[in-house]
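Before any questions on binding or motion, here is one chain by itself as structure tokens, the form predicted on its own.
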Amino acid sequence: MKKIRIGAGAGYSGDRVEPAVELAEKGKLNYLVYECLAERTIALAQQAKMKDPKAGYDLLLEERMRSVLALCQKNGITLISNMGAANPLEAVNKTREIAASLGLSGLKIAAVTGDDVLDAVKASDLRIEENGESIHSLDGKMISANAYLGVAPLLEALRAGANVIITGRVADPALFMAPLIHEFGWSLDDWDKLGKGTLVGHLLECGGQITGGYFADPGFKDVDGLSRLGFPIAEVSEDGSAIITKVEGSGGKVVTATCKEQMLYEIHNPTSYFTPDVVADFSAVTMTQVGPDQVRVEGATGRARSATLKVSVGYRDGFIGEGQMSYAGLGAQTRGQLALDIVEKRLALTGVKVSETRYDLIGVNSIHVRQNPAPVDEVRIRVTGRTDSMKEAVRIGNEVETLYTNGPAGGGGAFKSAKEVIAILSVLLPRESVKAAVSYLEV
């Protein structure tokens, strides 16, 4: 039975670089996939593109491409990534430039575009999924709207012989499933096969989480070698079953527990995982340890895809001001609480206009609210507030900083910041309103 090996080179935009190099060198891969695009990441990338038309792709694209392009060509590995973010065309231009500087030739690089649907969303009266309001409630605030594309444009690029494919917003599992459909000739309405392919993609998309990274909990779930954690590989058979593994000798581990945790990660309903290509059902999945760092996964199914595509809408949502200060020694917690009380009164006294505030003692009540927490001998206060202007946001951190000389004894390590908030909401757009396209450059 034919088998395809796919490696996950990254699980998010700022992920480590060297595990992908290890995969390209030693993983015996057919495909290397970099999944680097979170929902808010693309809105921030759109902001960057507004300031500079040549910007808006992943900030680590150049470093990642320089580290693996030659290896991928040498070892016959096709590279797929959503590092194009808000600007796949410029990402492809940069990749061609990098390839030429490395002395490479014979590469066909594809850019997948069409996920930017801001104009279509602005012209609609779509319902916001999170709050039920009309999209027009965001008029004047929207900065981006990107639809989750499926496998179709990726398949087009693969069939055209692309060696490198760079996309914008594509559903994470689709980056991994497209090679399987291409290699195995799966039909785009074979829902069970697409459900299996979606499971493979979902297991790989977060990189080192499935090899023990997000799993590790000393004394309960011990994992060795986390400082050089190996990223995952899926060896997928034509029937859609797969073995999840990693490069021999790399850090971390692949066991049924790491795989089960990743399968359930970010899945609201395991029987109905909606993607642009299929509604996957993971409820009958089985996982079997078949060797050291080898777990067989099988049993996913699927049903027909929906008539709409999810769109992430990025919008300006005010400003956040923040200030922090540390206290240590006898009475640290009491002094920290006094500091918070002072800042709260100061913000009211000086008329800082806030719509929402938090006053936290980090390590005492910033996550868990306790009725009578045990006293601690070191604590860090944090004050945050939401405002309608940068000017007001700045004032929050300034008030915390003044505790140096005007607050309780022994404060130190002051930190302050003020930033605009870019938030994300979702709408569902009829899929016929989204037109993907593929363009090519050659080296």
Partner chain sequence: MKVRQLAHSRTGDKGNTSNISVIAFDQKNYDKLRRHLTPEAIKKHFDWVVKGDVARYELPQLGALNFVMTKTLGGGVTRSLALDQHGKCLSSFILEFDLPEGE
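From a predicted model like this one, the values you see are computed outputs, not experimental measurements. Numbering follows the first chain given and starts at 1.
Quick note: we don't show the form predicted together with its partner chain, though the next part is all about it.
Partner proximity in the model of the complex, defined as non-hydrogen atoms within 4.5 angstroms of its partner chain, places exactly one of 364-372, 89-97, 188-196, 345-353 at the interface: 364-372. Its partner chain in the model of the complex comes within 4.5 Å of no heavy atom belonging to I128. When its partner chain is considered in the model of the complex, Q262 lines it closely, a heavy atom lying within 4.5 Å. Its partner chain is not drawn, but in the model of the complex it has a heavy atom within 4.5 Å of H268. Using a 4.5 angstroms limit between non-hydrogen atoms, K74 is distant from its partner chain in the model of the complex. Only one of the listed residues (S283, T334, S134, Q289) places a non-hydrogen atom within 4.5 angstroms of its partner chain in the model of the complex, and that residue is S283. Between the options S144, S81, T275, Q209, the residue in contact with its partner chain in the model of the complex by a heavy atom within 4.5 angstroms is Q209.
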